[in-house]
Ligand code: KIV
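A lone chain, given as structure tokens: the form predicted on its own.
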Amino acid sequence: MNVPDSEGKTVPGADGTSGSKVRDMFAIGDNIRKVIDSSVLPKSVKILDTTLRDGEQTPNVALSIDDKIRVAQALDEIGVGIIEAGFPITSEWEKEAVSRIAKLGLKAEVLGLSRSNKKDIDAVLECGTGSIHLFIATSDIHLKNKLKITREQAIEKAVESIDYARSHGLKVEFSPEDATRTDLTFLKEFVSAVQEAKADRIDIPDTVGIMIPQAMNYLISELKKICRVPIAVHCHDDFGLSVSNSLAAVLAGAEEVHCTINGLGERAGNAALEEVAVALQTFYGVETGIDLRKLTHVSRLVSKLTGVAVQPNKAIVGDNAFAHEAGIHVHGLLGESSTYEAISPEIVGKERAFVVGKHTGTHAVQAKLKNYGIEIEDSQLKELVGRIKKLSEGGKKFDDAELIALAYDVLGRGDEPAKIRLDEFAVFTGINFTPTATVTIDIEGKQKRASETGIGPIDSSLNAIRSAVSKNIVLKEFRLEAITGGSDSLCEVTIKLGDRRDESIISLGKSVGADIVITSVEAAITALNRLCYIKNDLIAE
């Protein structure tokens, strides 16, 4: 399926149905292809999503049953192959949640987590999932300090639990917990025993996230030598390597990857589904069944329900993932999007954004304005960009409404030379202090200074300008509006001035800025200049 990107071009493979099509879109180069062994790489990889189990173990996250159902349905909609719905033995509430998800009739395989004992397995059976994820620790650290059993006893318990689960009709995925810290010789022995007990899949958990990609690749390669059933990996992100380790495992032949939406999970979290799915289809051309276009939607849903915000610079789904500010980048993107984007944002359900800030160049501003049908001349564009940079250096962040208001302010200034120019301005105000403003104004080459008080900083400022220019100036109207609702919003000030000697004469001045007082003064100077053109003798006193 082809979909249009933000430039009107078509984007192949955006429906998530063809990993090879998605990969072919990008000039990833031979450097990646050289490390891919097509004889080992699986044609497809199943995604097991554990957002509802491991993801909910994120500190301070607690989903209601209805929330878990909404997430399960969303995961099924995007094409997740296996959903780990929960850990039924932990509570009656959790058992109820898993049971309700199992009865939804989802296309995905639904399973519940269980330790290697009959009580836990019975709890999963009561939920009616049809599949179970069994586990027992295999590292000496866990065997000695947590379970206090021998290696042989661990194998015995694992085999007994698989036999019991299979005798009750359950499909079995088995995990040797802390596999990546387990002695390799023993791990192979354990995996062989689990395989002989007829486990349907074997998962290799990097329980505390201590692997590096090269080591994970080696480990899975070794296990593939003895394993006839599909191998999965479950990688934690304690060192920020969960996605890299997952990809390394697939390169070695792993056919399943455990993930969570937004990388939620214990401690630093798990491999992020959105990153794994896009990487597998982009780099390897491997099918995952995931509809990539829906990733942003499900990311936002999970963020909303869990209360865990997605960091702005989060890969694939973060607000800044396809946002560009630097002028050089924007210039390149406008010519060809692949210059500074590895993938098109439409593929994952997002839109490209040109952010206005202190690094912004003229191309970004011009492109944004064109989207709103605003044409601007080069000289005005230069002035607009200069004002944006000046405001941004003070920490101001622009949204589109503020950019448009600022653009109209520049466009509305006209080309006529100013007779009146503000050279200096200061205002003093405070509690138990009469607001006082001082101005120095250049009137056709002659400087005039004035200081006046008022009932506030704006009133005193306008009084000082009036005193310096002409006593005939009358303030007809003053209007102040915040362009957006934030405390750092740009404001738009509209001032109407008149001549007390002729009530029919009115001049309007507008200005947009971050400071209410300064913006009001700038609007007043604009109105004064226009008034001078209407009434030549305004400053002839």
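Quick note: we count residues from 1 along the sequence shown, nothing fancier. Remember, it's a predicted structure, so these values are computed and weren't measured experimentally.
Keep in mind that the form predicted in complex with this ligand is not shown, yet the notes after this line are about it.
Against this ligand in the predicted complex, the set E109, R201 and E256 makes no contact: no member has a heavy atom within 4.5 Å. Contact with this ligand, judged by heavy atoms within 4.5 Å in the predicted complex, is confined among 101 to 109, 153 to 161, 67 to 75, 170 to 178 to 170 to 178. Contact between Y284 and this ligand in the predicted complex is not found at the 4.5 Å heavy atom cutoff.
Taking the partner from elsewhere, S299 is found to have every heavy atom lying beyond 4.5 Å of this ligand in the predicted complex. Contact annotation: P457 falls outside 4.5 Å of this ligand in the predicted complex, judged by heavy atom distances. At a distance threshold of 4.5 angstroms between non-hydrogen atoms, T182 is out of contact with this ligand in the predicted complex.
A single residue from the set A277, V250, L113, V317 has any heavy atom within 4.5 angstroms of this ligand in the predicted complex; that residue is L113.
Taking a 4.5 Å heavy atom cutoff to this ligand in the predicted complex, the contacting residues in 180 to 218 are D203, P205, T207.
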